[in-house]
Each structure stands twice: as C-alpha cells, then as structure tokens.
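In the block that follows, a single chain appears as structure tokens, in the form predicted on its own.
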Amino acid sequence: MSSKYGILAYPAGHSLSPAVHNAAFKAAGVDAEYEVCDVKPEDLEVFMNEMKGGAYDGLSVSSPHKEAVIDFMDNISPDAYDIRAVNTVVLKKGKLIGSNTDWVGALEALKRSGVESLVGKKVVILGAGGAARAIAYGLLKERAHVVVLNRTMDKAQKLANDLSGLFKGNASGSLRFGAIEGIGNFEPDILIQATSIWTTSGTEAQILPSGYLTGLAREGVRPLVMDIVYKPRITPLLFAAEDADCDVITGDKMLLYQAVAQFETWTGKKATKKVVEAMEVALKEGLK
C-alpha cells in the first residue's frame, strides 16, 4: 500500500519539499507520495486528528506550526523535547511521534561548507522561532558561543532560558540573547538568519542595519553568513554578505540535509548517495 506524506505549513504553496521528497522516494524505490498541506492555525486540531486517523503516514512541519504541533504528539524525541519544536512527524501504530531534524540539517550545512569545528565559535542567530531554537540547540551541543537576537526581546529571552539549562556542564559553550538593533555590538564568526522575513515581508524588508557587514569587513571581520530562507536562494542578506566578501551558505543546504534526516526517519532506510543526489537535483530545478 502506498504511503502518504506532506508538508504542514501556512502558507505552504512555496515549499520545495514535495519535489525533494518525491524525488527521494522515486530514487529509493519507495511506494509513497508527498503533498502540500496548507493548514491555517485555527484548523490545526482538525488536521492533526485526521492524520492520527490515518490520513498521512508522516509530515514535515514548518512555520507557524513547529511549536503548536507538540500538543498533538503522543511522544516526542529527546531533541524535540529540549528544543520545544517539532519539524518531523511519523504515525506509528496509531500514535503520533514528533522529532526535530532542523538542527541536524543546520550543522550538516555548516560542516559541508568547511567548518571543521564549532567549539568556541562566536555565532549570532537572528530570530527566536522554531528554526532558531533548533539551530541554537545544535550549536550548543557543539560547544559554540551563541547569541540570539530578535525583534521581540521576550521571545529571545524565553529561548535562552529554555536552552541554557540543558548544557550547564558544557564549559566551552554559552548562550545569550538581545535585540536585533544591538547587533552592532557583535563581531561573529558565523551569522545565521533564522526568521521567515523574506517570505512574510518581501525582499524589501531590512533585518540588519545598513552597512553592518561592510563595516565589519573594513575591520577585517568577515563572518560566514547563512540564511535559512531558500526562496529566493540568494536573499538580500546573502547579497550584502557577498558584497562584503563573506562566504555564504544558502538556505537550500539546510533544507536538503534536514530532509535527508526526515527521509531516514520515515522509511527506516539510509539515504544512499543516489537518493541524496536526486534530492539535490530536485532542489536545483525548483530554485531555477
């Protein structure tokens, strides 16, 4: 019997996940299909009840549902519990099990870009939502020094409070928070944009003070800049980063590697080189 999966988000129409996962299923010879589940927050409970009844075998979860969906899980993985955000759901024997592969995808994207070790690295994360939580969690596991900056201070503080206690024995890592307006006080080794600003507010929106990266460059500081948004592939932040001669990581890299982990969670199969390459091709085609 064919299995059914989907991307749970709102809005979800822009997602490349269907193309990526359908390519993976085909390459692996898995009888499954993956579709868009465009679900408003007020309709989430009805949708999740339908899933528990067998409407779907698994889900990718994206904004704005990563935190809200936890209430409908029968069980969640330790990582998802600590992060307090779920981006992957699987239905097993009538029970919904949530996990998080965002942090895996983010770390893999950084490592594939040449970051050999994150120990002691100074990392600034912009945003305090579900994706930011996952990325901060992964960085703290790797003993980085993390600063979370957000427009809403309360949300940044909550993220810091939630995650700080998890790594008390980790003397090499640290976590602080602040307002985005205060970014001028930081000279990071790595800067990660983890909001959905380009999707929700358009590419005219401004997240950093004008000239911040070029100002750092004049002082000889050129952070590795990563944006989790993959459409547009080169976001306004990445344009500015390239202008300042910084190395960049596009959002499709994190999307790819977290999707690889999702594929393995759902199918119980290792994603072979053939499967990963098929996913990469689907991503490239979708971003043209």
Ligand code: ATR
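Rigid core: the largest C-alpha set superposing within 1.5 Å between the two forms. What you see is a predicted model, and the numbers here were worked out from it, not measured in a lab. When you see a residue number, it is the position in the sequence shown, counting from 1.
In what follows, reference is made to the form predicted together with this ligand, a form of this protein that is not presented.
**Student:** Given that this ligand is not shown alongside this chain, does Ile207 nevertheless sit within 4.5 Å of it in the predicted complex, heavy atom to heavy atom?
**Tutor:** Contact check for Ile207: yes, within 4.5 Å of this ligand in the predicted complex.
**Student:** Though only this chain appears here, would Asn185 touch this ligand in the predicted complex if you measure heavy atom gaps against 4.5 Å?
**Tutor:** It does not: once this ligand is placed as it appears in the predicted complex, Asn185 has no heavy atom within 4.5 Å of it.
**Student:** May I ask you to state whether Gly211 is within 4.5 Å of this ligand in the predicted complex, using heavy atom distances?
**Tutor:** Close contact is absent here: in the predicted complex, Gly211 is far from this ligand, nothing within 4.5 Å, heavy atoms only.
**Student:** Closest heavy atom of Gly105 to this ligand in the predicted complex, within 4.5 Å or not?
**Tutor:** Residue-level check for Gly105: no, no contact with this ligand.
**Student:** Counting only non-hydrogen atoms, choose the one of 89 to 97, 145 to 153, 71 to 79, 109 to 117 that falls within 4.5 Å of this ligand in the predicted complex.
**Tutor:** Only one stretch passes the 4.5 Å heavy-atom test: 145 to 153.
**Student:** Are all three of Gly6, Gln262 and Thr265 close to this ligand in the predicted complex, meaning a heavy atom of each within 4.5 Å?
**Tutor:** Heavy-atom distance to this ligand in the predicted complex: none of the three under 4.5 Å.
**Student:** To verify the annotation, which of these, Leu191, Leu175, Ala131, Leu139, has a non-hydrogen atom within 4.5 Å of this ligand in the predicted complex?
**Tutor:** Answer to the contact question: Ala131.
**Student:** Let me know which residues along 200 to 214 have a heavy atom within 4.5 Å of this ligand in the predicted complex, or say none if there are none.
**Tutor:** Thr200, Ser201, Ile207 sit within 4.5 Å of the partner.
**Student:** Rigid core fitted, is the C-alpha displacement of Pro64 between the shown form and the other one 2 Å or more?
**Tutor:** Yes; Pro64 is a residue whose C-alpha shifts (by 2 Å or more) between the shown form and the other one when the cores are overlaid.
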